[in-house]
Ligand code: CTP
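What follows is one chain in structure tokens, specifically the form predicted on its own.
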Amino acid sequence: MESNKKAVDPLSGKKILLGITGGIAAYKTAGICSRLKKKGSDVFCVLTPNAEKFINPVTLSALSGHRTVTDMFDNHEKVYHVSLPQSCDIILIAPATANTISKIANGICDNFLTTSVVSSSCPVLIAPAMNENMWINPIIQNNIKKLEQYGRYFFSGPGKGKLACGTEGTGRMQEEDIIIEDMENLVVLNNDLKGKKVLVTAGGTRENIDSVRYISNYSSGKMGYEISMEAVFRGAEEVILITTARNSGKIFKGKTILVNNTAEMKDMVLKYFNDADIIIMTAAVSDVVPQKKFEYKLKKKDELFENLKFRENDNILEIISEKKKKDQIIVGFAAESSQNIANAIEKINKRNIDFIVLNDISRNDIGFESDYNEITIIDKDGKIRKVPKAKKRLIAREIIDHILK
């Protein structure tokens, strides 16, 4: 049973560069290294000069089975700071100090680890660990946002608790279980979607009333983002995410297109629709739009109410279902204030689509703005499959599994 578990472990057989920087949490990295080895990963440890003050390289060499790198010019195999990272499936930096995060964000390559990160093309998972005042410093936060927007850098933590300086606050390195789980979501799971082009919509559209007011909803775009990321790591040839969510990073090795309203989203969907094999419409598109958009702010008493008139909005799902080709798969989403399966079945019967994913937006623990979801998948033959509450990335995996079946 154990061997079967290892065979399907996402990190089994993956080559990992484990970077350790100069923080007290460096001692925890020995445990992470050991766990990754037990999962079947090939781990190469790299210490910054300051990290050596907190953990002995010999310890990590014994755990990883490879000599720990400590010298910037350790080129015993080709140009090692280039050849090693370019052959890795993922880079984990744990702990990551404010110093190292800032160096990477600004392209500073003054040690083996920072040079390796800049030389690499794989996902980089960063587990920050520092004093709370350092963490909330605007300079550090700006550097983190800068990295997140590139679509290749991801963050795990930090957590809250007692810090090395003796105070309580945010800055503890994330727990091992969560770091490893985050790593599992950032490596190629398989090549199920090899050769396929996937188009995803996400977020709530903004329909302007005037220059300052708009109609929208609470959709965060998280579900669409996670589906897009899952498609990337399932080997899709191309993934395009059309989203209104500006707080999400770009899709790793995919195309992220930011839009504002239904009209812009429709134009982009139609632009990429013909080449897409799988279209997943998670976006919460407004049902109505103002009849007229005013380029100035309407006055509350004299103008707002008399000009606040609406019309029915374009239904993008309906439009593309009429253009659907035989070999395309279209998945719609139905946001209901309960598990209203009858409404979802009615939607799928009216349109030429393959699946409807029903999610309950009335609950605070799932759906809009939450990291979790619970769904019901209904296919055009009327078959119903419920997927219990889980993180949206795991829900995304279930949706793609269902499509592939």
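So that there is no doubt, residue numbering starts at 1 and follows the sequence shown. Nothing here was measured: the structure is a model prediction, and the numbers come from that model.
Same protein, other form: the form predicted in complex with the ligand, not shown, and the subject of what follows.
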- Taking Ile278, Asp379 and Lys405 as the candidate spot, are all three within 4.5 angstroms of the ligand in the predicted bound form by heavy atoms? no
- Item | is_contact(Glu336, the ligand) in the predicted bound form, heavy atom dist at most 4.5 Å | yes
- Query: Can any non-hydrogen atom of Leu147 be found within 4.5 angstroms of the ligand in the predicted bound form?
  - Reply: no
- Message: Test of understanding: in the predicted bound form, would Val285 fall inside 4.5 Å of the ligand by heavy atoms?
- Response: yes
- Message: Please tell me whether any heavy atom belonging to Gly204 falls inside 4.5 Å of a heavy atom of the ligand, as the geometry stands in the predicted bound form.
- Response: no
- Note on the structure: Checking Gly157, Gly332, Gly151, Pro290 against the ligand in the predicted bound form, the residue with a non-hydrogen atom inside 4.5 angstroms turns out to be Gly332
- Position in contact with the ligand when the complex is considered in the predicted bound form, options Glu132, Glu303, Asp314, Glu176, heavy atoms within 4.5 Å: Asp314
- Using a 4.5 Å heavy atom cut-off, which stretch among 347-355, 61-69, 26-34, 42-50 contacts the ligand in the predicted bound form? 347-355
